[in-house]
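Only one chain comes next, encoded as structure tokens, the form predicted on its own.
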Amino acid sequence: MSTPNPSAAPNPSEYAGDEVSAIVLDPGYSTTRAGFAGEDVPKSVVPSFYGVLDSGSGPRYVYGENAIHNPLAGLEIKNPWSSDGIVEDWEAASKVWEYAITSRLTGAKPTDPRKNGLNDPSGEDMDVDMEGLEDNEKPLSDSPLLMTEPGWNSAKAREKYIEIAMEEWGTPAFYLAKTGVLAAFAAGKASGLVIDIGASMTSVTPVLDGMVLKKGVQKSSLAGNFVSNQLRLIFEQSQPKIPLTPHYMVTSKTAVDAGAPAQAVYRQFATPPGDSFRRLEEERVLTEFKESVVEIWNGPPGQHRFSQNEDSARSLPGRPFEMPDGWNQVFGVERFKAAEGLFDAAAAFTDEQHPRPKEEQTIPKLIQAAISSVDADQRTMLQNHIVVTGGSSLLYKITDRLGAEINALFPSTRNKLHAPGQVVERKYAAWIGGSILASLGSFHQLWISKKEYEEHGVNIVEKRCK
């Protein structure tokens, strides 16, 4: 087979030319990011959660920020991802991803104007009906698509990605890239150790010359959702218990003193939304709490564990937080305890449903395992280029603590952390890396064209996307 000449322009019919910008799709457990290659930030960031309503004639699905946060009778919330970072429900996943693309980027192809959202009576749920799109032109018939995948994705899942893109969406060209590699590219590095702290998973990925060293990929469920569960346990085990009331339950509230019971008028529902809806809304309050109160303890060198410093932490000023119903409190040492389990399994809060995590699941142990699994002559280079990414890596002072933990693990080497200060760069690093990659002229020869897909079938993705 002749290799394509990188300096020659690709055949437009085969590779979609470069008149149309490629679309970069970066799906995750919490949100799905989509946008055009060459742009700085994803234009479309939608929740990966979706709603299910029982409409009598069968289930009705709703997608998007407005629809899933609207407390409709019996609304249940689901997520297509499993807790280990692999897609579980492919049908739902493809609908959520399609919504992320068509709602902001390509626009849905013409549908019945009565169903396009513009003529909805105000006050009703602003849901988006994806079912009607199936009879229309395929949503990506004009745009090449670059998708991201976790470093531990299975061969079967990778084949499913290209099948959805080619068969359901009709994309003329496709490529699948690993999130670790793209996050390294976004940081301007072809090699490095990528620490990605997301919602459901924390992963540590060694990247060498743009390739993932598969044997070194480490992952754990100690991530953003784990910190949320730790907060639930702290609230539950406090004396008295700390109430966790989501925004949609509160009609009005009156200001009260710190620690005093809330004085609020609560909303009554003839048929309330499902328990999964309430849990999602509680998660929004916990996210606000994580962003404004939770702090990672970072003591003096050699004493960076919180357990060694609890007494000195008590002398620090607290942080106030007000719940949606007006209950408020100043949080002292609790704010350090919520995320300490990420680094020290013995510090995690537990109950019958939440046993103590294993020590090897903690971030320092993941880093140690990843570094140990690569050849000795490559380790120093990885330790010089450590990239921190993911939405949960924005917890206050987490990078300081990571630096202290890494220096304690490898005291004799020069360890250099790269953690962008900008929120967008940290949260969307994999998408930004994909945007850079797909907009490079030399990337054209890497696309898998529709013609090649028809010739070789789904397993071409294993050969071409390493």
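Because the structure is a prediction, the values reported are computed rather than measured. For every residue, the number given is its place in the sequence shown, counted from 1.
The same protein also has a form predicted in complex with a small molecule, omitted here; what follows describes it.
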Partner contact check in the predicted complex: of 385 to 393, 180 to 188, 258 to 266, 347 to 355, the stretch with a heavy atom within 4.5 Å of the small molecule is 385 to 393
Could you tell me which one of 206, 341, 224, 150 places a heavy atom within 4.5 Å of the small molecule in the predicted complex?
-> 224
Among the candidate residues 139, 192, 198, 172, which is the single one with a non-hydrogen atom no more than 4.5 Å from the small molecule in the predicted complex?
-> 198
Can you check whether residue 291 is within 4.5 Å of the small molecule in the predicted complex, heavy atom basis?
-> yes
Are any of the heavy atoms in residue 427 no more than 4.5 Å from a heavy atom of the small molecule in the predicted complex?
-> yes
Using heavy atoms and a 4.5 Å limit, would one call residue 29 a contact residue for the small molecule in the predicted complex?
-> yes
Decide whether residue 33 counts as a contact residue for the small molecule in the predicted complex under a heavy atom distance cut-off of 4.5 Å.
-> yes
